[in-house]
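The data below hold one chain only, encoded as structure tokens and taken in the form predicted on its own.
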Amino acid sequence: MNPIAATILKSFTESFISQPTLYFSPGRINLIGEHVDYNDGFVMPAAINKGVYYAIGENESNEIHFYSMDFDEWLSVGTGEVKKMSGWRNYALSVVNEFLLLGCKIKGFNCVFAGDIPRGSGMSSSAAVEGGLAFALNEMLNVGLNRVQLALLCQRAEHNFPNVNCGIMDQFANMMGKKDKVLLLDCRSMEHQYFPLHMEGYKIVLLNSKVHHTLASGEYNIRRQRCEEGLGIIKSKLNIQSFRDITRVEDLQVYKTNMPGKVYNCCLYVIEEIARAKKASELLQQENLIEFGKLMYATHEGLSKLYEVSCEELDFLVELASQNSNVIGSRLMGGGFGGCTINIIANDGIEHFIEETSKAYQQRFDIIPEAYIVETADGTNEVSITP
């Protein structure tokens, strides 16, 4: 059994009398299609083998007891006293609140959870926290939601108490991921298909910059507002519904003088990134990782220069990757302003790349980055407690 799973089970049995059920809720990577899930675009995420473990059991009372082992913090609330709080509590309680909004009668339960996703890394720890609890409550209360409905519930939960106006990608990957597969998700229709991820000779390596600039959450909402402003200007002139209806950059350039510069740049990035995501699915079907990697570099350039969600540390890591012949693709992953870069690296060059990059990064920023070799995984699921 996973060491984290064993630890939370031990904590649960020491703290409570009830018998728990164990769940694993994965984090995610996104190969391409960044910051377009809330712009009706296409994204290519996958669930990974890092995530959050939950031990949950009913307690035959009207009390909900949470213990976050990662923060070493307890929370107890009555089933009729669920409200907005702060920090991790907001994510957990907002999920409970979404079930209440569906008209579900919440039973008292005990919950211990912990994970191995570094906070602020861009692997979407928030969706993992939401997904594990939602999946467990759906089963415990016999609500009968399917996985897509659960992903949408978790998205609403993140919008509500935490007030993060996120797209659907993180929660969808958390629920719908499959081992050895990536998803191509149409964020407008929820249509999706799976592609085998053939990585012969290569691995996916995440480099955690160990920085998380505090402006990230507010700037995220600003980027969304810029996109909405730009789309509104275009829709007033053209009969379109979303950015994906603009197939040529030239069609956007006509409206450049009607938009503030930063609004135009955001719109340009989104249109180009939607095109890259569609091209990437073709390249994966052709098993052309080399060209796929070039698209990753192009995405980073757009995120850094047009969308302006990168930072000096991330740009430094991607620049180092671009100078290493063993790295075929690299870019920032997630919301930006810190977190991880995602890199596709030849197996023989991984150790040397991590060593040399870590040394250079430490010399430049006095920070030792963390490296993770990640594998794809199944979406949120129950884990057997018996050996």
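Since we're looking at a predicted model, the values are computed, not measured. The first residue of the sequence shown is number 1, and the count goes up from there.
Beyond the structure shown, there is the form predicted in complex with a small molecule, which is absent from this document and is the topic of what follows.
The stretch that touches the small molecule in the model of the complex, counting heavy atoms within 4.5 Å, is 166-174, out of 288-296, 145-153, 166-174, 131-139. In the model of the complex, the small molecule lies within 4.5 Å of some heavy atom of Tyr38. Interface membership of Trp88, defined by any non-hydrogen atom within 4.5 Å of the small molecule in the model of the complex, is ruled out. The closest non-hydrogen atom of Tyr264 lies beyond 4.5 Å of the small molecule in the model of the complex. Though the partner is left out of this view, Phe195 does not reach within 4.5 Å of the small molecule in the model of the complex, counting heavy atoms only.
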